[in-house]
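We begin with a single chain expressed as C-alpha cells, specifically the form predicted on its own.
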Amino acid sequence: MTPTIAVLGLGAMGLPMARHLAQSFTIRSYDIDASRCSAAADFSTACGSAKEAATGADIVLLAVRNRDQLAEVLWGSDGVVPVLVPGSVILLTSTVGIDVVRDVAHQLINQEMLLVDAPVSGGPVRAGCGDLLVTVGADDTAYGKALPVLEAMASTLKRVGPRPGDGQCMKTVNQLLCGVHIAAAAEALALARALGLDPAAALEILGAGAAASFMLGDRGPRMLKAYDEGGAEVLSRLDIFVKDMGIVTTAARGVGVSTPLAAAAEQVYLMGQAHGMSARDDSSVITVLAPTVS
C-alpha cells in the first residue's frame, strides 16, 4: 500500500516538494491560503483543514515559515497533534531555530510522537526535482520511518546527529554562508554599476573566476532585474533571510562565537525589511545598498 503523506504548508518550498513526492506517495495537502490548496489539487487530495489532511497520514510533513506557524499547526485551533496516533512521524522541513526544535521535540515525546528535524536547502526548482540538500537530526526509529520520504526529497541526504535540533544546527551554519554570500554579491554588483561597468558583463566575468559562488550565479541575474525591471520573480522572500540570519547570530552568541560578517549581512536584510521589501525576492537587497545608482 502506498504511504500517505500529509503536506502542511504549500508555499515556495512546500508546493514543489509535495508535487514531487506525489510521484511516489499518496499526498493529502493543506494551506491556510485557499489558492495554494487549489494549486495542489491536480496531484493531491486538497483538504479543508490541517486536521483533515493529517488524519490517517503515515507521515506529516511541515513546510512552515517560523516558530509561531509551527506551534499553530501542531497545537493551535486546527492543530494536528490531537488527531495523530502514538508513534506518528512529524517531518519538519523548515528552518525555525535550534532551541525551538528541541523544545518541540520534547513536547512531542511526551505525547508519544516522533519528530524528524530535516531542514532543506536548494530552492523551489530543486525542490520540485527531488534535488535538495537535507540535513537531519533524528533518532533511529524516527529516521527509519521517514527515510523513504527523505530519500525522495534529497539528492544529498545527511544525518548529522541523533537528536532533533541537530539538523537545525547544520542548517544554521549553511544559512550563515548563504546570507553572507548574497549580501556580498549585492555589494559587488552595486559597486560594479556605480563604477560605470556593465553589470551583466561584470556578473559574467565574476562568475568565470575565483570570485564565483552559487549565490552569485543564482541571485546575480535576479539582482540585475531588481534594478532594470523593478524586481525579480519571488523565489526566496527577503524576510526569510531576516529570520534566518537572526537564527544564525542568536545561535552564535549562545555558544560564544563571534560572527561579524553574519551580523553585517543581517543588517542588510533588516534594511531591506525597513524599506518595505519583506515580501520581495531577497535579491532586492541590492537596491538598498545603492538605490540611486543610474
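So that there is no doubt, residue numbering starts at 1 and follows the sequence shown. Owing to the predicted nature of the structure, the values given are computational and were not obtained by experimental measurement. So that the term is clear: the rigid core is the largest set of C-alpha atoms that superpose within 1.5 Å between two forms.
Only in words, not in the display: the form predicted together with another copy of the chain, which the text now covers.
Looking at 146 to 154, 89 to 97, 162 to 170, 105 to 113, the stretch with residues near another copy of the chain in the predicted complex, meaning non-hydrogen atoms within 4.5 angstroms, turns out to be 162 to 170.
Only one of Ala185, Val73, Ala138, Ala127 comes within 4.5 Å of another copy of the chain in the predicted complex through a heavy atom, and that residue is Ala185. Put simply, Ala202 is close to another copy of the chain in the predicted complex: some heavy atom of it is within 4.5 Å. Contact check for Ala210: a heavy atom falls within 4.5 Å of another copy of the chain in the predicted complex. In the predicted complex, another copy of the chain stays beyond 4.5 Å of every heavy atom belonging to Gly48. Within 4.5 Å of some heavy atom of another copy of the chain in the predicted complex lies at least one heavy atom of Ser258.
Contact here is defined as any heavy atom lying within 4.5 Å of another copy of the chain in the predicted complex, and by that definition not a single one of Arg67, Ala226 and Val242 is a contact residue.
In sequence order, Leu261, Ala262, Ala264, Ala265, Val268 are the residues of 261 to 275 having a heavy atom within 4.5 Å of another copy of the chain in the predicted complex; the partner itself is omitted from this view. The Cα position of Gly87 differs by less than 2 Å between the shown form and the other one after fitting on the rigid core. Once you line up the core between the shown form and the other one, the Cα of Gly128 stays within less than 2 Å of where it was. Leu206: CA moves 2 Å or more between the shown form and the other one after rigid-core fitting.
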